[in-house]
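Starting off, we have a lone chain in the form predicted alone, written out as structure tokens.
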């Protein structure tokens, strides 16, 4: 579907956003009729008058870009059900094109459908959405600014939708080697360097934690290293993603109802690939190393076991208390690898669907931000807000760290109590951050919003592409 600025294009239907619950503003042709059908202009409210070719959508707070994003996603949800080929939208910017960008984001993210496994996908008539030169405030629309804003939004939205596609595919199709193939394909398309490390490499380089997690699967693990290196880069950043293409829980087997969405345990890895390819498309002047630990956590005679002691790449030993605390084992080795193979790092950000405890703490729509550097955490929280994602800090403390003590190894892979589980998982990861890098590192637990079994905001059922918009905003602000 085409989304573009075209001031002269004729459309089958006009999309009208009502601002601040004002039903008498510009473009509103009949306030009484809107009130009659119960339309109040609240966020996510819509009113369709097909015979007049008008679709009204509420934007409750015109100063909130997320209201515009959600309104646009709601609009396209309605438009897709109609037998119309085109729709038009006016400009809602007093100056610049921030709202055009928000609307374009909402349209592109709301239009997403995953139909790979449908024998008969729904047929859609909608072919194009045009931004026109009309302006809600009667101002002159800056066509170049609007075109640039739409173009930017579409590039980032394509990155989000790419991550969604990877996560939505079945674990039978999206194996560690398949994810590595997707990374190689992205590298070829965007002039990135790509290195794929197999299980022999993991063995030879002392990556015993990641190797243990993947050893029971018929699909062996893969470490993926993508590199984007523009000339005269201002900063160097490692994005480390958890890529568990399926997580059965291992011998600490998950209950059946907790296992059905575990194809989404690779969301951090999918986001890392999407982030680096989007950064390359945008030409960001930041050197980026995306390191993804791809593995399947399965059961079988070769499975690692509770009571095993594993040795990570940095030499630390880990007593296994629960094989379902596997993502942190994979990330431990990947964090060590990133610090060894991406010299002079300015920042290290890891992305992971790491804990159900984070969902308990913050709900299924919000990611957790953890680390030692308050300024870094604040900048990440600001970028989450800018990008239209929800995030909150979970604070470290010395008492929770004591729960990772082991009597027979350097540390345990999980605490003996369930309380504070998101924080203890992050504190475990901190053991694999070199002292010189402590203030350069942050952990993002995206377990809640990465995969939700209902539509919400600009997201459909399933994968959301969590952290892609967020990370791109943060990288730009560097």
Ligand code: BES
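Numbering follows the first chain given and starts at 1. Here the structure is a predicted model, which means the values were calculated and not measured.
Beyond what is shown, the protein has a form predicted in complex with the ligand; the following relates to that form.
The ligand in the predicted complex comes within 4.5 Å of a heavy atom belonging to residue 325. In the predicted complex, none of the heavy atoms of residue 389 sits within 4.5 Å of a heavy atom of the ligand. Residue contact with the ligand in the predicted complex: residue 355 places a heavy atom within 4.5 Å of it. Within 4.5 Å of some heavy atom of the ligand in the predicted complex lies at least one heavy atom of residue 262. Note on the partner interface in the predicted complex: the residue among 124, 94, 378, 254 having a heavy atom within 4.5 angstroms of the ligand is 254. When the ligand is considered in the predicted complex, only one residue from 70, 57, 444, 447 comes within 4.5 Å through any heavy atom, namely 447.
Remark: of stretches 316-324, 400-408, 182-190, 228-236, the one touching the ligand in the predicted complex is 316-324 (heavy atom within 4.5 Å).
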